[in-house]
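The form predicted on its own is given below as one chain in structure tokens.
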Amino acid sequence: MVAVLVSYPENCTGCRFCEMICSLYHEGAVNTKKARLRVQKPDIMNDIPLVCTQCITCGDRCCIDSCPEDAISVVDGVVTIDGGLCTACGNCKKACPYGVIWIDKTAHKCDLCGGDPMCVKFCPSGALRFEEADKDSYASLLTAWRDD
């Protein structure tokens, strides 16, 4: 079974360590705007960590299908951007319902830190976990990918 990054909003304190460590790990500086996940605060009581690695929740392959250069694909169960093909057109950013893709010279999104997500390691409250995918959800995802 494939491991996925799962958010547990009920545990999130809104500390944003996940965003900080993500940008530090990938960009070499703490800059939450360059993190590959987002903590949304829909109201004063709730914080929701949002991340997308499998395009599983929206039920569509929104960023994959929006890319005119075929720079986004599924590699080893993870939606991945090929920086060599990406033209930074921004279509994937517009298509992502979670707002977790950002653009500079190329598009960036969560890559699971090579299989050892730093956001999970540094989350002090257990709001993010890297765990086996729910069997039914993962079966739906595989069906969607095979329709490619």
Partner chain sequence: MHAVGGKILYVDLTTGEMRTEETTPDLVKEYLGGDGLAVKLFTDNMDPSVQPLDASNVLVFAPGLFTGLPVPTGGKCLFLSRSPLTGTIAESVMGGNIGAEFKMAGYDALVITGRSEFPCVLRVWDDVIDIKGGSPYWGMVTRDAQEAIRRDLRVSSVACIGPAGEKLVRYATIDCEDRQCGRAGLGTVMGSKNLKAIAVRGTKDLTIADPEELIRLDLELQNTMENSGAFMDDTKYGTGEFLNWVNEERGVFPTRNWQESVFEDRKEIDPYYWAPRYTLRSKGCFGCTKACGKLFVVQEGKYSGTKLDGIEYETLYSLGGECSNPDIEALARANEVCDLLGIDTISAGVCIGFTMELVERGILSTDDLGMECRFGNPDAVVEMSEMIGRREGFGKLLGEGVMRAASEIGNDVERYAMHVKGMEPPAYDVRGIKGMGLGFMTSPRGACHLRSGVYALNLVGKFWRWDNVDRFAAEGKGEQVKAMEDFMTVYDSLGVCKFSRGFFLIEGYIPFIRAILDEEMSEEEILQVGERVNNLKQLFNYSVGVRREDFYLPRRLTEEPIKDGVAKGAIITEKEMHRMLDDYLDARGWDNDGKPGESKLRELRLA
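Remember, it's a predicted structure, so these values are computed and weren't measured experimentally. Residue numbers count along the first chain shown, from 1.
Note that the form predicted together with the partner chain isn't included here; everything after this is about it.
Contact here is defined as any heavy atom lying within 4.5 Å of the partner chain in the predicted complex, and by that definition not a single one of A35, L85 and C119 is a contact residue. Look at 77-85, 119-127, 64-72, 106-114: in the predicted complex, residues with non-hydrogen atoms within 4.5 angstroms of the partner chain sit in 119-127. Using a 4.5 angstroms threshold between heavy atoms, M20 counts as touching the partner chain in the predicted complex. The closest non-hydrogen atom of K94 lies beyond 4.5 Å of the partner chain in the predicted complex.
For the chain shown alone, A133 is not a contact residue for the partner chain in the predicted complex, no non-hydrogen atom being within 4.5 angstroms. In the predicted complex, the partner chain lies within 4.5 Å of some heavy atom of V30.
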